[in-house]
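One chain comes next, on its own, written as structure tokens: the form predicted on its own.
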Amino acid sequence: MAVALERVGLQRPAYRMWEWGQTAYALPELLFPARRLGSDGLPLPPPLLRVQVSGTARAEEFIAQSHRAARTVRDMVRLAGREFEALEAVFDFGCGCGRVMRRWSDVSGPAFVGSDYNRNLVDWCRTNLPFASFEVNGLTPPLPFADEQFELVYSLSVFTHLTEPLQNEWIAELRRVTKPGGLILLTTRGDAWAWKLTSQERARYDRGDLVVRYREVTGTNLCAAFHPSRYVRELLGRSFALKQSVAVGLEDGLQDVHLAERTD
């Protein structure tokens, strides 16, 4: 079905219709304003924003994803021998509507910064998550931040939607804003997703090549990148020293998690 829609140029409109359809699960929020708060006491993003970021408008699942993703970040930082609260500055690259950032509302110590190329998502975060600061970035670098500004950069479900040239550009840019000795954490679709590939795509994947679908809509959820472990090592190795990779370490989306350090 997806291939047929692509051939007639309807896949993107069909995906938008699917997103709007998912918001029906949040209709009770229109009748009961109290439901516009999450169980964590913070405002819930509008249903469409939740769908665009997490694939669900269901408030309880959005909050559960938030907890799981934040736990993943904390666990990986701890694997590197660091404590999250002891970090000076933390950057959420591709912050969306604050799905992960909201988990840091009661964390004292680090300065928290997020950015995204969707202005609607950033505007919502600025209004509703005042403990952090947020900026709009472009689809391509640069970021509006100083060199060596952050001790931790994490980027969940972002490189899964970028073409190869953009991935190379963004790795270099994230290195620029990471302090020497700082950490970068990113997630990818690896072997757990390889069953979705065509025979030709699987052959390229097994050779260690990046496979990207729907390159013409890079940066959107429709663009899908599949990363073999060899490619991840080479991608991160251009700017960082890979410290740890955990297969399917991010439960949501069955994504692999990679942690690397800027060593110079």
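In this text, residue numbers run from 1 along the sequence as written. Each form is matched to the other, and the largest set of C-alpha atoms that superpose within 1.5 Å is called the rigid core. From a predicted model like this one, the values you see are computed outputs, not experimental measurements.
Quick note: we don't show the form predicted in complex with a small molecule, though the next part is all about it.
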Exercise for review: Spell out, yes or no, whether the shortest heavy atom distance between Val212 and the small molecule in the predicted bound form is within 4.5 Å.
Suggested key: no
Review point. Does Glu151 reach the small molecule in the predicted bound form if we count a contact as any heavy atom within 4.5 Å?
Key: no
Check your understanding: Can any non-hydrogen atom of Gly219 be found within 4.5 angstroms of the small molecule in the predicted bound form?
Key -> yes
Practice item. Report whether the minimum heavy atom distance between Thr72 and the small molecule in the predicted bound form is within 4.5 Å. Key: no
**Study point:** Selected contact from Met76, Leu183, Ala132, Val100, since only one has a non-hydrogen atom within 4.5 angstroms of the small molecule in the predicted bound form
**Key:** Val100
Review point. Here the chain is shown alone; which of Ala194, Leu139, Ala80, Val107 has a heavy atom within 4.5 Å of the small molecule in the predicted bound form?
Key: Leu139
Point to revise | the small molecule in the predicted bound form: contacting segment from 173-181, 81-89, 153-161, 123-131, heavy atom within 4.5 Å | key: 153-161
Check your understanding: Among Gly190, Val232 and Ser245, does every residue place a heavy atom within 4.5 Å of the small molecule in the predicted bound form?
Key -> no
Practice item. For Asp252, decide whether the Cα shift between this form and the one not shown is 2 Å or greater, given a superposition on the rigid core. Key: yes
Practice item. Answer with closer or farther for the CA-CA spacing of Asp252 and Tyr154 in the predicted bound form compared to the shown form; it moves by 3 Å or more. Key: farther
Exercise for review: Might you say whether the CA atoms of Glu251 and Cys223 end up closer or farther apart in the predicted bound form than in this form? Their distance differs by 3 Å or more.
Suggested key: closer
